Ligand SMILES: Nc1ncnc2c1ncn2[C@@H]1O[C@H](COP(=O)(O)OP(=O)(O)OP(=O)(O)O)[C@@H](O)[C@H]1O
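This document starts with one chain, in the form predicted alone, laid out as structure tokens.
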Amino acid sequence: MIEINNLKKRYGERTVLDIPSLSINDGETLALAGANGSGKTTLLKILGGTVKASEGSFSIPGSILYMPQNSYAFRGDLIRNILISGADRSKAFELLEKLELSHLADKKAKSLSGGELQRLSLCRVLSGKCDLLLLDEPTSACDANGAELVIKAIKDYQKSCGCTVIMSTHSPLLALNASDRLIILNSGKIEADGSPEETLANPGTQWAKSFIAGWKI
């Protein structure tokens, strides 16, 4: 279980994250939603160890894999970009097929489109095993078909290894179809927390209600 207590992040006088208490069960898939600047990425970076909290504590059992929002590619073809993470060739091809990139296996990774590059980055992350998978906007550059492939890959991975998944998203599709729980953040604070269906039906606060009204569901 992940336990968060009095977690805060400040930049100067500005507090960008303020979570008094939050528990996330082992094996749970949690989606974080909210407007830009709501604290989603900051929370993921703190949990992933790339940003230090200003205050508070959290406990994470086991290993972590983290996919940042800005996808990137190494030199070489798609296969090399997955092998560099420690996977073998059979696993690399399996992931490329799952995310419909196998026909591009020998192509230079830096020539991919935004959506293809994002799916390649997910292949690289999913080639390993972890106890906690952190994904920052994993479908942001994908079209509808790409988003569906990403959702299926995440669900299959979670089912196979039983890890906890925390992902930020602006996508109602991702929140509804790939998560057990939806948290809506606003200015670093939790506005709503529950199952996606419960949260969308009863947001809890006026701000959360207004935010959900802007989603095209």
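These figures come from a predicted structure and were not determined experimentally. Start at 1 and count along the sequence shown; that's the residue number.
One more form of this protein should be noted, the form predicted together with the named molecule, which is absent from this view; the next part is about it.
- With a 4.5 Å cutoff on heavy atoms, Pro61 does not count as touching the named molecule in the predicted bound form; it lies far away.
- Although the partner is absent here, Ile24 lies well away from the named molecule in the predicted bound form, with no heavy atom inside 4.5 Å.
- Contact annotation: His170 falls within 4.5 Å of the named molecule in the predicted bound form, judged by heavy atom distances.
- Taking the partner from elsewhere, Glu116 is found to have every heavy atom lying beyond 4.5 Å of the named molecule in the predicted bound form.
- Candidate site formed by Tyr11, Ala35 and Gly39: every one of these residues places a non-hydrogen atom within 4.5 angstroms of the named molecule in the predicted bound form.
- Screening 149-157, 171-179, 39-47, 53-61 for residues having heavy atoms within 4.5 Å of the named molecule in the predicted bound form returns a single hit, 39-47.
- Of all the residues from 62-76, the single one having a non-hydrogen atom no more than 4.5 Å from the named molecule in the predicted bound form is Gln69.
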